[in-house]
Ligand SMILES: NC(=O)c1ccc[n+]([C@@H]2O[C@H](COP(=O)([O-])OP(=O)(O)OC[C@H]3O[C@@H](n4cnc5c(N)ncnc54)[C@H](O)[C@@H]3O)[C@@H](O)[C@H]2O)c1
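One chain comes next, on its own, written as structure tokens: the form predicted alone.
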């Protein structure tokens, strides 16, 4: 993508996995980056590895379940960097959810993080963009499982379908302010979250960990898992100027699992 200069981005869930890879890539692209995470220790480690405030990187603690916390994280980013241009609503959880075991509590937990967090981030970013007098980019984490329901993770799939639907409407509602809204939809990525999920699925079925991975990796046309950096490349494109005429879309980066 084209190099940017002076732009500011905030990444939720930026302390590890895909979020960390996104933060690293956007910083390399020239963005000033706020790494927002519930675990401030991991966020600070990533920020320090990229050079800290002197290099245009800060760590911000955020709980995406809490609307006020998300707004505060965006406000701190604006205060620290004097601007704001892109939000990456990346934070999420992916526990297994066999149909018979879904409870009101499990629905609330997953939707509070995976869906509500996107809503709060979209609201907070929109408020900041408008106060600054310019448009901006809202980029949220969907999933391959938000295009095709995956076995064993009904609630996770449901939250990601919801993120796609919300983003399509946000794209239409916010276009008049010069704001675009898109999602990136990873497949099976080598992250701690995915590792925990594969182990849980295997344990629930009384099978080996290798079997657990197979349930998620079979059917990948490229016959390999994704690296976090490959997902970050798509986010880099969506955050940069080459995607200015794209909105309301979900870009699938899954090695060939879903074909549209």
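Numbering follows the first chain given and starts at 1. Since we're looking at a predicted model, the values are computed, not measured.
Same protein, other form: the form predicted in complex with the named molecule, not shown, and the subject of what follows.
Taking the named molecule as it sits in the predicted complex, is residue 142 near enough to touch it, meaning that at least one heavy atom pair lies within 4.5 angstroms? Answer yes; at least one heavy atom of residue 142 falls within 4.5 Å of the named molecule in the predicted complex.
Residue 64: touches the named molecule in the predicted complex, heavy atom cutoff 4.5 angstroms: Answer yes; at least one heavy atom of residue 64 falls within 4.5 Å of the named molecule in the predicted complex.
Is residue 202 part of the interface with the named molecule in the predicted complex - any heavy atom within 4.5 Å? Result no; residue 202 lies far from the named molecule in the predicted complex.
Within a 4.5 Å heavy atom cut-off, is residue 90 in contact with the named molecule in the predicted complex? Output for residue 90 is yes: heavy atoms within 4.5 Å of the named molecule.
Identify whether the named molecule in the predicted complex is within 4.5 Å of every residue in the set 113, 160 and 191, based on non-hydrogen atoms. All three within 4.5 Å in the predicted complex.
Can you work out which of 208, 49, 229, 39 has a heavy atom no more than 4.5 Å from the named molecule in the predicted complex? Flagged contact: 39.
Counting any non-hydrogen atom inside 4.5 Å, which residue from 156, 71, 81, 166 sits next to the named molecule in the predicted complex? Going through each option in turn, the one that passes is 156.
Heavy atoms, 4.5 Å, the named molecule in the predicted complex: which of 168-176, 120-128, 72-80, 91-99 makes the cut? Say which one. After filtering at 4.5 Å, what remains is 91-99.
What are the residues of 66-81, in order along the chain, with a heavy atom within 4.5 Å of the named molecule in the predicted complex? Nothing in this stretch is in contact.
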